[in-house]
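Below, in C-alpha coordinates: the form predicted alone, a single chain.
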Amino acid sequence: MRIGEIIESTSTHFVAEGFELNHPPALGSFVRVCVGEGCDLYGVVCYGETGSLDPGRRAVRRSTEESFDDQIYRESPQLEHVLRTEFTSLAVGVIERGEVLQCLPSQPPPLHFSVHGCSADETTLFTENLHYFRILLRASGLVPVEQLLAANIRQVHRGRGEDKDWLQRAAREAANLLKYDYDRLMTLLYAIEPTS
(Lines give C-alpha, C1' and ligand atoms only; values in the text may rest on other atoms or scores of the structure.)
Protein backbone atom coordinates (compact mmCIF):
# COMPACT_ATOMS: atom_id res chain seq x y z
CA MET A 1 0.00 0.00 0.00
CA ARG A 2 1.40 3.40 -0.99
CA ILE A 3 1.56 5.68 2.05
CA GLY A 4 3.73 8.55 0.84
CA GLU A 5 6.05 10.11 -1.72
CA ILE A 6 9.72 10.89 -1.17
CA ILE A 7 10.42 14.63 -0.99
CA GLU A 8 13.97 14.48 0.40
CA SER A 9 16.55 11.74 0.00
CA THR A 10 20.03 11.14 1.42
CA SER A 11 22.36 8.16 1.81
CA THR A 12 21.16 7.59 5.39
CA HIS A 13 17.48 8.60 5.44
CA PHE A 14 14.55 9.80 3.39
CA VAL A 15 11.61 12.11 4.06
CA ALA A 16 8.19 11.41 2.57
CA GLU A 17 5.01 13.41 2.48
CA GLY A 18 2.17 11.18 3.64
CA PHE A 19 -1.07 10.77 1.74
CA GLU A 20 -3.19 10.98 4.88
CA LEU A 21 -3.10 14.14 6.98
CA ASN A 22 -2.27 13.61 10.68
CA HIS A 23 -1.52 9.89 10.20
CA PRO A 24 2.16 9.17 9.60
CA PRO A 25 3.19 5.52 9.89
CA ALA A 26 3.93 4.40 13.44
CA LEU A 27 7.29 5.22 14.96
CA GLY A 28 9.58 2.23 14.50
CA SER A 29 7.55 0.64 11.70
CA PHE A 30 9.11 -0.62 8.48
CA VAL A 31 8.54 1.02 5.12
CA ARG A 32 9.97 0.17 1.72
CA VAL A 33 10.73 1.85 -1.59
CA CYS A 34 10.94 -0.13 -4.83
CA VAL A 35 14.15 1.27 -6.34
CA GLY A 36 14.49 -1.12 -9.26
CA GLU A 37 13.31 -4.42 -10.60
CA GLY A 38 13.67 -6.94 -7.80
CA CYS A 39 15.25 -4.40 -5.44
CA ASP A 40 13.49 -2.82 -2.46
CA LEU A 41 15.09 -0.38 -0.03
CA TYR A 42 13.88 -0.75 3.57
CA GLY A 43 13.60 1.99 6.17
CA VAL A 44 12.45 2.36 9.76
CA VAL A 45 10.20 5.33 10.53
CA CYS A 46 12.12 7.51 12.99
CA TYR A 47 10.07 10.73 13.04
CA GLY A 48 6.76 12.19 11.94
CA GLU A 49 5.21 15.63 11.96
CA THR A 50 2.24 17.61 10.67
CA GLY A 51 2.52 21.30 9.92
CA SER A 52 1.95 24.07 7.43
CA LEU A 53 2.82 23.72 3.76
CA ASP A 54 4.49 27.14 4.08
CA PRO A 55 7.60 26.63 6.24
CA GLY A 56 7.48 30.25 7.40
CA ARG A 57 3.89 30.03 8.62
CA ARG A 58 2.85 28.09 11.71
CA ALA A 59 -0.58 26.61 12.26
CA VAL A 60 -2.81 28.64 14.60
CA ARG A 61 -5.45 27.58 17.11
CA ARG A 62 -8.90 27.12 15.57
CA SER A 63 -10.91 25.56 18.40
CA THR A 64 -13.77 27.21 20.25
CA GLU A 65 -15.97 26.07 23.13
CA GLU A 66 -18.36 24.52 20.59
CA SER A 67 -15.94 23.38 17.88
CA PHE A 68 -12.85 21.26 18.54
CA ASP A 69 -10.91 18.14 17.50
CA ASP A 70 -12.38 16.37 14.40
CA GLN A 71 -15.11 18.99 14.08
CA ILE A 72 -12.48 21.59 13.15
CA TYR A 73 -11.57 19.57 10.06
CA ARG A 74 -15.22 19.08 9.09
CA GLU A 75 -15.89 22.82 9.37
CA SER A 76 -12.62 23.81 7.65
CA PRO A 77 -12.05 21.42 4.72
CA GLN A 78 -9.39 23.77 3.33
CA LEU A 79 -7.01 22.53 6.05
CA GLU A 80 -6.38 19.44 3.92
CA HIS A 81 -4.80 21.80 1.34
CA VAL A 82 -2.68 23.99 3.64
CA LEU A 83 -1.29 21.34 6.00
CA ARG A 84 0.84 18.27 5.35
CA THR A 85 2.11 15.27 7.24
CA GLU A 86 5.69 14.15 6.71
CA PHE A 87 7.67 11.24 8.05
CA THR A 88 11.37 10.45 8.09
CA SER A 89 12.76 6.93 7.72
CA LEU A 90 16.28 5.67 8.35
CA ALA A 91 17.62 3.48 5.57
CA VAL A 92 18.46 0.10 7.13
CA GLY A 93 18.93 -2.23 4.17
CA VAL A 94 17.76 -3.68 0.89
CA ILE A 95 16.24 -6.87 -0.37
CA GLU A 96 17.66 -7.60 -3.79
CA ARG A 97 16.36 -10.67 -5.66
CA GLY A 98 15.34 -12.23 -2.34
CA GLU A 99 18.66 -11.59 -0.56
CA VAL A 100 18.44 -9.43 2.59
CA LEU A 101 21.31 -6.97 3.10
CA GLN A 102 21.18 -5.01 6.35
CA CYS A 103 23.41 -2.05 5.58
CA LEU A 104 23.16 1.41 4.10
CA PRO A 105 22.09 1.25 0.45
CA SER A 106 24.62 2.09 -2.26
CA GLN A 107 22.35 4.89 -3.55
CA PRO A 108 19.67 7.01 -1.86
CA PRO A 109 16.14 6.35 -3.11
CA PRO A 110 14.99 8.65 -5.94
CA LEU A 111 12.90 11.73 -5.22
CA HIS A 112 9.16 11.37 -5.86
CA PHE A 113 9.24 7.56 -5.63
CA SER A 114 6.46 5.91 -3.64
CA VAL A 115 6.89 4.75 -0.06
CA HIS A 116 4.94 1.63 0.89
CA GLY A 117 4.00 0.24 4.28
CA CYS A 118 5.50 -3.21 4.88
CA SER A 119 3.35 -6.28 5.28
CA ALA A 120 3.86 -8.72 8.16
CA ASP A 121 5.57 -11.14 5.75
CA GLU A 122 7.98 -8.46 4.48
CA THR A 123 8.79 -7.40 8.03
CA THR A 124 9.33 -11.01 9.12
CA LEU A 125 11.70 -11.68 6.21
CA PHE A 126 13.75 -8.55 6.90
CA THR A 127 13.94 -9.07 10.68
CA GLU A 128 15.21 -12.66 10.70
CA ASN A 129 18.61 -11.06 11.23
CA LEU A 130 19.07 -8.19 13.73
CA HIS A 131 22.18 -6.49 12.33
CA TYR A 132 20.08 -3.42 11.49
CA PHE A 133 19.84 -2.65 15.25
CA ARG A 134 23.37 -1.22 14.97
CA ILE A 135 22.23 1.25 12.32
CA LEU A 136 19.31 2.39 14.47
CA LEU A 137 21.49 2.83 17.56
CA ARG A 138 23.98 5.00 15.68
CA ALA A 139 21.36 7.33 14.23
CA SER A 140 20.98 10.92 15.32
CA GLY A 141 17.72 12.78 15.29
CA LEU A 142 14.83 14.11 17.31
CA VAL A 143 13.90 10.79 18.93
CA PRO A 144 16.30 9.12 21.42
CA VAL A 145 17.74 6.07 19.67
CA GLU A 146 16.86 3.66 22.48
CA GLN A 147 13.21 4.78 22.18
CA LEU A 148 13.36 4.34 18.40
CA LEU A 149 14.75 0.82 18.74
CA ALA A 150 12.16 -0.01 21.42
CA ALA A 151 9.37 1.24 19.13
CA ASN A 152 10.77 -0.87 16.29
CA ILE A 153 10.96 -3.98 18.47
CA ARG A 154 7.34 -3.48 19.59
CA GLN A 155 6.15 -3.00 16.00
CA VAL A 156 8.02 -6.05 14.73
CA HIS A 157 6.90 -8.18 17.68
CA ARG A 158 3.25 -7.38 16.85
CA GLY A 159 3.84 -7.93 13.13
CA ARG A 160 5.40 -11.33 13.83
CA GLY A 161 2.29 -12.47 15.70
CA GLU A 162 3.73 -11.71 19.18
CA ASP A 163 6.58 -14.17 18.64
CA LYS A 164 8.12 -14.48 22.13
CA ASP A 165 11.26 -16.21 20.85
CA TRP A 166 11.97 -13.32 18.49
CA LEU A 167 11.32 -10.78 21.29
CA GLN A 168 13.79 -12.57 23.58
CA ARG A 169 16.37 -12.68 20.79
CA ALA A 170 15.84 -8.96 20.14
CA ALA A 171 16.20 -8.13 23.85
CA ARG A 172 19.44 -10.15 24.05
CA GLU A 173 20.82 -8.38 20.95
CA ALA A 174 19.90 -4.95 22.36
CA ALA A 175 21.47 -5.87 25.71
CA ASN A 176 24.67 -6.88 23.96
CA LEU A 177 24.81 -3.64 21.97
CA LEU A 178 24.04 -1.42 24.98
CA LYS A 179 25.96 -3.39 27.62
CA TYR A 180 28.16 -0.37 28.44
CA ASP A 181 25.22 2.06 28.72
CA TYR A 182 23.05 0.80 31.56
CA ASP A 183 20.58 3.72 31.60
CA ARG A 184 19.80 3.50 27.89
CA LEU A 185 19.58 -0.29 28.06
CA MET A 186 17.11 -0.20 30.96
CA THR A 187 15.03 2.46 29.19
CA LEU A 188 14.81 0.17 26.17
CA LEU A 189 14.07 -2.99 28.14
CA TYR A 190 11.28 -1.31 30.14
CA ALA A 191 9.80 0.00 26.88
CA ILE A 192 9.62 -3.47 25.27
CA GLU A 193 8.50 -5.41 28.33
CA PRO A 194 5.25 -7.22 27.51
CA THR A 195 2.27 -5.90 29.46
CA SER A 196 0.51 -9.27 29.73
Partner chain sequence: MERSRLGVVTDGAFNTGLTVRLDADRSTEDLRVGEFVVIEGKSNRYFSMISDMQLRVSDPRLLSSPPDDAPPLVAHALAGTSTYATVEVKPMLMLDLTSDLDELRGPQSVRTIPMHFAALYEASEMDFATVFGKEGGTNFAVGTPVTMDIPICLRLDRFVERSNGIFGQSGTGKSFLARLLLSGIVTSRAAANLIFDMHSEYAFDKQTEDGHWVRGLRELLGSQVLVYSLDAEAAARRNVDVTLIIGLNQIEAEDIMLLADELDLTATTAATAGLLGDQYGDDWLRQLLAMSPDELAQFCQSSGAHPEATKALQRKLREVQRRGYLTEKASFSLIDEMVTALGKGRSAILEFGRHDSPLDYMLVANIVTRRVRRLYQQKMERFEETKAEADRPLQLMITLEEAHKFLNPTVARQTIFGTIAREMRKYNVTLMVIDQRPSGIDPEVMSQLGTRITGLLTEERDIDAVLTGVSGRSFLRGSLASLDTRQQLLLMGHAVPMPITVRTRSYDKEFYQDIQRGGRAQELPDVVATDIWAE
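Every value quoted in this text rests on a predicted model; they were computed, and no experiment measured them. Positions refer to the first chain, counted from 1.
There is another form of this protein, the form predicted together with its partner chain, and it is not shown here; the text below is about that form.
(Q) Is it the case in the model of the complex that 168, 183 and 186 each bring at least one heavy atom within 4.5 Å of its partner chain? (A) Spot residues vs its partner chain: full contact, yes.
Q. Going by heavy atoms within 4.5 Å, which of 33-41, 160-168, 124-132, 137-145 lines up against its partner chain in the model of the complex?
A. That would be 160-168.
**Q.** Interface membership of residue 10, its partner chain in the model of the complex, 4.5 Å heavy atom rule
**A.** It does not: once its partner chain is placed as it appears in the model of the complex, residue 10 has no heavy atom within 4.5 Å of it.
Q | 4.5 angstroms heavy atom contact with its partner chain in the model of the complex for residue 22 | A | Output for residue 22 is no: heavy atoms all beyond 4.5 Å of its partner chain.
Q. In sequence order, which positions of 16-38 have a non-hydrogen atom within 4.5 Å of its partner chain in the model of the complex?
A. Result: empty, none.
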